[in-house]
Ligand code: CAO
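Here you get one chain, nothing else, as structure tokens; it is the form predicted alone.
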């Protein structure tokens, strides 16, 4: 048996890549081309394979180490590869060589030499291109991008069932596992062992308390509805992963409300009821045009600025909140928007909204106007970067410079993603939105 050094092969134009995952440990049996560690640069993540087979004797790297081509990764204890041991032999693809060949005549001396032999036994220059998604022993079959996605969500890949070719784990598998854990339909082994719910231990939180509520009095148990199960997982992810900030403001809608009431009287025969939310949608379109970063989405290290204006609005249903989307709101008038909203709200209550009716929003409005309240903190719908919450308007005394006047004020709560938007932009957005609502003629500018 010989000691074989495994080094970082040619990984292209990457330098000082960080070790983010150790896939083997001392004592593990390694096959040729089995992934050993995962490294990550500012552009991509990749797995470093083994050029030889053997048993891991010693790891030479740890999490967080910076590596470059030629750096030592680990030491294997295994049989000598004759093609690798002969310096003058041409490079042969590992697929054509046995994983653990027996020593050939004339090579035993090289095996006995502890110092120079490893250097010649594991040349890295002749390594073939690595296929990150290839199966590797008992490790979960997943590509580096899926592994990175799972790490970001705290998902243990060895507990995810793969549905791809040869049981490969896909991004959809990771998402489905996350939804199952968040909804309580499944639990990770770590959470089960600690009595936790929802994977809180991954964040260093105390285990979720287990209480026998019945000992305090009568109880009734009901299963969560389908909509709440789905939305709960999304809301939890969005709240944890998006750095939320919320600005609160008030908009004077005295004249706008008078105009709305007048228009409803004039259009009473049409059967279309104009709501304040229809005016809010048009006002938000005007604000999004003036502040385009609010109509964008993060994609890696890039911002995607949308040239369309699709506005989502939260609709209350017996089974929970859903978010239908008004498409191309910039091209529609108040009456058309009101009619579409009424139709979509009806379909939502009847459970007839299709997936296409709830996709594509660039900005969302959550209105509690018909219920009450003052301000709240709406949760952003990823991949959007902002959401507007509105509560019930009320008449307040407002100083006009000479005296107090009764004005109808609408509370605004704007939540925004601090990775994309700063406080000054959010304040300007709210101020502009208030100006448009106070004098709706600004929509025409």
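Residue numbers count along the first chain shown, from 1. Remember, predicted model here, so these are calculated numbers, not experimental data.
Unshown form predicted in complex with the ligand; subsequent notes refer to it.
Asks: Ok, 339, 246, 238, 275: which has a heavy atom sitting within 4.5 Å of the ligand in the predicted bound form?
Replies: Selected option: 275.
Asks: Heavy atom within 4.5 Å of the ligand in the predicted bound form: which of 34, 381, 393, 38?
Replies: The residue in contact is 393.
Asks: With a cut-off of 4.5 Å between heavy atoms, is residue 370 one of the residues that contacts the ligand in the predicted bound form?
Replies: Yes, residue 370 is a contact residue.
Asks: Just checking whether residue 309 would be counted as a contact of the ligand in the predicted bound form - the rule being heavy atoms within 4.5 angstroms.
Replies: Outside the cut-off, so no.
Asks: Since only the chain is shown here, I'm wondering whether residue 316 would be in contact with the ligand in the predicted bound form (any heavy atom pair within 4.5 Å).
Replies: Looking in the predicted bound form, residue contacts with the ligand include residue 316, since a heavy atom lies within 4.5 Å.
Asks: Report yes if any heavy atom of residue 410 sits within 4.5 Å of a heavy atom of the ligand in the predicted bound form; otherwise report no.
Replies: Yes - in the predicted bound form, heavy atoms of residue 410 and the ligand come within 4.5 Å of each other.
Asks: Could you tell me which of 362-370, 147-155, 168-176, 226-234 sits within 4.5 Å of the ligand in the predicted bound form, going by non-hydrogen atoms?
Replies: Result for this chain: 362-370.
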